[in-house]
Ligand SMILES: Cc1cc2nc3c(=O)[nH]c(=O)nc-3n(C[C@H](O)[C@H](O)[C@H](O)COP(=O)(O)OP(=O)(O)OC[C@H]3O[C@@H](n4cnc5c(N)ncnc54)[C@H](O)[C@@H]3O)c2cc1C
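The chain that follows stands alone, in the form predicted alone, written as structure tokens.
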């Protein structure tokens, strides 16, 4: 290996959808693989070649005191999460670092490229509340001078987990970046698993938590990254409550039903940018979380929803499901190659299956709905939308007559599940919804109010039900018709 220092990488070179090297201020360098491990500069390097590397820099602070007489060496590191500080002994001094709850983003006008390390201006107004709390925790700090106020930028990702792996947009381009202030702690392991991943073509262990493919395309949006970074830094020291919801950069992705459901008392949570109803508050109750490690405030309300699904019917907004339209003469053969179940079935059949790797391990858990001889609607979770699209792309032969189109935004989805589901849907269609005419695991295109809908007889609730796929522009009309039909029958 050769290491070049003092070289500025200006651009990632690409050919035919693959990374083939980099352009530097000292000339081009060819490479079989390119790894972007450029910290806060990674976002722009990726963006320049159409690769999503969502991270944003924040100013990050620590102080070093003057020497403290008789300070023992080898003191343990103190982490005071209530006051958002850590304290460690540093050659007879104390270092006090901060993970304040409201961070200070950096680099909105671009990250300087003239130096690899930089020290920013002091900001006592910003840090004063944190340092005052540190003095209460460690009174010795009140009587000792400050030798160094360090303010250096560092990058943070939208979910505080770093980014690792090969990017779906560009083959042979890898990332190891966005380490959220735990780069030194993670570097050895991250380097090891990334090297093995590159050599063997697969990760050596389950790395989904940090896989770059968990990120959504919209998350490259600079305003979104700026607003989320304000919260992301502090979350590293915040209480990790069960079901805790992020508070910044909300309202990014709404289903057509969002406002209707909010009016019905929905408490929306966020996942992949989607605002999704997590539970519903009864009339007169504020639909907000009250966090605790015990039974939270929504428990009884959620229990009522469970009972409604078992005894009557419940309406689920499933619009956030990712939807891939796979079509072409070779679509069936390609899907069958990676699926554990046989998807070469009659049109109108819905197959619940996993997608496998060459070792028989599971890569995806989804449904493949055969619309006709050459068209399949693959439905998967929003969280694996990019990963699953990437998996089928990687396993499609170059000469295959097949295309994959992400149609997630084209279809809103309502699930009607429970013993009363058939009685609620039946008045809105002339289709025969009986078990004989519409058995489990099948799909039909039906009238639904004034809309045409792909109705899939499938439910994960253990009860009768349909997933109803409605073109987005018809969605509200379909919702209103279902609610009008279902409310007298106890639809929840």
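Residue numbers count along the first chain shown, from 1. Quantities reported herein were computed from a predicted structural model and do not represent experimental measurements.
In what follows, reference is made to the form predicted together with the named molecule, a form of this protein that is not presented.
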Answer among 394-402, 295-303, 173-181, 124-132 for heavy atoms within 4.5 Å of the named molecule in the predicted complex: the stretch 173-181
From 160, 154, 231, 89: within 4.5 Å of the named molecule in the predicted complex by heavy atoms is 154
As a check of understanding, the residue in 185, 340, 288, 119 with any heavy atom within 4.5 Å of the named molecule in the predicted complex should be identified as 185
**Prompt:** Contact between residue 39 and the named molecule in the predicted complex at 4.5 Å, heavy atoms?
**Reply:** yes
**Report entry** Contact flag, residue 438 vs the named molecule in the predicted complex, heavy atom cut 4.5 Å
**Finding:** no
Contact test in the predicted complex: residue 45 vs the named molecule, heavy atoms, 4.5 Å: yes
| Closest heavy atom of residue 9 to the named molecule in the predicted complex, within 4.5 Å or not? | yes
Contacts from 460-481 to the named molecule in the predicted complex (any heavy atom within 4.5 Å), listed N to C, are none
